[in-house]
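This document starts with one chain, in the form predicted alone, laid out as C-alpha cells.
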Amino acid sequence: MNKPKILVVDDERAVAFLLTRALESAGCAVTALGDGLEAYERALAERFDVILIDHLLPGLLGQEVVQRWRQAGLATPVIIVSGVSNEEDIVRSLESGASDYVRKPFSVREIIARVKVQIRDRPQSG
C-alpha cells in the first residue's frame, strides 16, 4: 500500500516541521507549505489524502482556502489546526467545509489519530 499523502499548511516553521516529522514517523508522505494561496493551488493540482491547514495564513486564510476548495469540488478531508479557538471560528470553519478542527497547542498523537480517522473513513475509489 502507498504511503498516505498529507499536505501540511502552516506559516510557523516550527509547527510545520513538527507536524511533518510526526506524520512521516507515522508512515505518511508529507508536503509542507506556508501560504494559503499556494496551498489552494497545490491541492487542486496534486492529490492528497488529508490536508492539515492553519487558520491564520498569508495569502488566504485557512477557512477561505477550505471554502474555495469545496466550491471547486475538492473532497479531500481537511483538518484545521489553529490557535484561533473561539467557538464562532470553529463552527464557521466546520460549516465552510472543514472535516475537523484541532486547537493549538495540540497533541502530536491526537493529530496522527485524527489523520488516520480521516483516511480510514474516506470512501476508497477504484
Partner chain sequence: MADLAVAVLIGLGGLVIIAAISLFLLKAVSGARRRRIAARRSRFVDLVGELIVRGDPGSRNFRRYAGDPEFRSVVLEYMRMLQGEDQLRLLAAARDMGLVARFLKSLRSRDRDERVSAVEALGEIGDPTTVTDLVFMLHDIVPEIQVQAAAALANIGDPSSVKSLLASMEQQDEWHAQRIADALYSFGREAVPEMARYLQGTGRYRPLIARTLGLIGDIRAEGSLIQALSSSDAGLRMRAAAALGRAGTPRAVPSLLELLADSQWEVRAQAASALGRRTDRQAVPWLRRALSDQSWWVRHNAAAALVEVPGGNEALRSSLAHPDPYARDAAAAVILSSGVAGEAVEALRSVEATDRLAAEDLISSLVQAGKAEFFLVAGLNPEYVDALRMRA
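Positions refer to the first chain, counted from 1. None of the values given here were measured: they were computed from a predicted structure.
Absent from the display: the form predicted together with its partner chain. The rest refers to it.
Contact check for Ala22: a heavy atom falls within 4.5 Å of its partner chain in the model of the complex. Interface membership of Val108, defined by any non-hydrogen atom within 4.5 Å of its partner chain in the model of the complex, is confirmed. Interface membership of Val117, defined by any non-hydrogen atom within 4.5 Å of its partner chain in the model of the complex, is ruled out. Residues Ala14, Val15, Phe17, Leu18, Arg21, Ala22, Ser25 of 14 to 28 are found to place at least one heavy atom within 4.5 Å of its partner chain in the model of the complex.
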